Every structure is written in C-alpha cells, then in structure tokens.
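Below you will find one chain, with nothing else, as structure tokens; this is the form predicted alone, and questions on how it binds or moves follow later.
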C-alpha cells in the first residue's frame, strides 16, 4: 500500500474541469515528480491534496481517507511549500522557521532549528536578518526549511526552482535529495523536467488534466516523446 493513494481525482473551476479523474501513488521514502507544462493541472493537484480546493474522487493517506480541511491535512503530516517563496517579511529568518513549528512541542524547537541550520548553513548565517531582504534562492531555502520544521511525512514542493538562477536551482535540487536521504517523502511539482526526473524515483506526466505517462525518473528521461516535449530534444 502506498503512503498516499489518489484515485479518480477531479477538480472543476466553475464549469471547467481542470483534473479529469487522475490516479497517483506516492510511495514512502521516495521522491515522486509531477511534471507538465504551465496550466497542465500540477498546482491544482497538490492544492486538492492540501484541502485548499474542493474535489471529487478519493485521497487516502496511510490507509485512511485524508481530511478535506487544510488544517487537518497539516496535522496529519502533509506540508505544502507553495509557489512564490512566501516568507514573512518583517520577521527574522529564525522567527520564520519557528512559525513552521507552531503546532509542535516547544521543547523540540531548538533541536529542530539546529537540524535546519545544518541542512541550510546560509540560513544560520542570516538567522537574525529580515527574511524579506534575502535573495530569491535564500528565500526558497527558508520556506523549505520552515516546512521541515513541522516534521512532515510528505513534503510537497510547488515549482521550487521557479525564477532562480541555474546555480541556485542545482543547490535546491541537491537539498531535495538530502531531504529524501533523511527519510522524508517528497512530492515534487515542477516545470523543470530534466532536473526533476534526474532526482526522482518515480514520475507522472500531466497534460491538460490527464496523466499521460508514468514511470521511473530514468525511464522517462530516456523516453523520446518526453525528451521532445519537455527536455528540448528532438525525437
């Protein structure tokens, strides 16, 4: 049994159906990628999992139906890092991190902070700095670290490489691999198909609200149709 099972997931915006009954399995301890072009339905998928939008179909987590309330989804252990690097400007880096642990026992926060500073040394250097003054890459690191402060069982990342310089993108994906290595399950939603497939154990390709292909990251990387459509290579 998969950690997260999605069956027949449908989402509509008014009269327009954005997801047409998709099925996905997120296995524990793995990086699963959801790739596709802009508007394919990737962000809609994780918003449905997070309980942010209404949907039909079933989503089960650890064998139980996932609550439809965002607050209950978070308490269950599923944390979404939204697109856009939403830090709390006016608060320091460390204050932002502590907000990620609001639902946990305060006794563990010091240990959790140290864990994040080990994973993100740059955040330690800027722990007292206003989060709003960080660079784009540093803000992305901060929101990921803030999500990890909640001890997620599944960390869902929505376009973590968006708008970042290539050298920073490489660092972000290296961090995602480290998160997996520490035992956290990752659902990665990305337009950067090439790098996503390289670090993913399994991946789904979403087009116009339909899953059109799935397989291991390596098998999709070598698929001529995927290469032509998403990797900038000709068949």
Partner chain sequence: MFLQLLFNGISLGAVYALIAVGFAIVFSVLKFSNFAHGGMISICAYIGFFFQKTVKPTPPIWVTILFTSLCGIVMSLFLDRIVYASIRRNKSPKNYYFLSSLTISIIITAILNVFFSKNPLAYPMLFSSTTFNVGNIRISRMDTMILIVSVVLLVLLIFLIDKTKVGLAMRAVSIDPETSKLMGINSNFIILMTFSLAGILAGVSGVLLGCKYGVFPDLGQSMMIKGFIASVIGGLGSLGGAIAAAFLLGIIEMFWTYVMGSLSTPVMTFVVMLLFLFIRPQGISGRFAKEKV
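These numbers were taken from a predicted model, which means no experiment stands behind them. Numbering follows the first chain given and starts at 1.
There is also a form predicted together with its partner chain; it is not shown, and the following applies to it.
At a distance threshold of 4.5 angstroms between non-hydrogen atoms, residue 134 is out of contact with its partner chain in the model of the complex. In the model of the complex, residue 91 approaches its partner chain with a heavy atom inside 4.5 Å. Contact annotation for residue 99: at least one heavy atom lies within 4.5 Å of its partner chain in the model of the complex. Put simply, residue 95 is close to its partner chain in the model of the complex: some heavy atom of it is within 4.5 Å. Partner proximity in the model of the complex, defined as non-hydrogen atoms within 4.5 angstroms of its partner chain, places exactly one of 28-36, 167-175, 189-197, 64-72 at the interface: 64-72. Each of 50, 80 and 86 places at least one heavy atom within 4.5 Å of its partner chain in the model of the complex. Along 132-148, a non-hydrogen atom within 4.5 Å of its partner chain in the model of the complex is carried only by 146.
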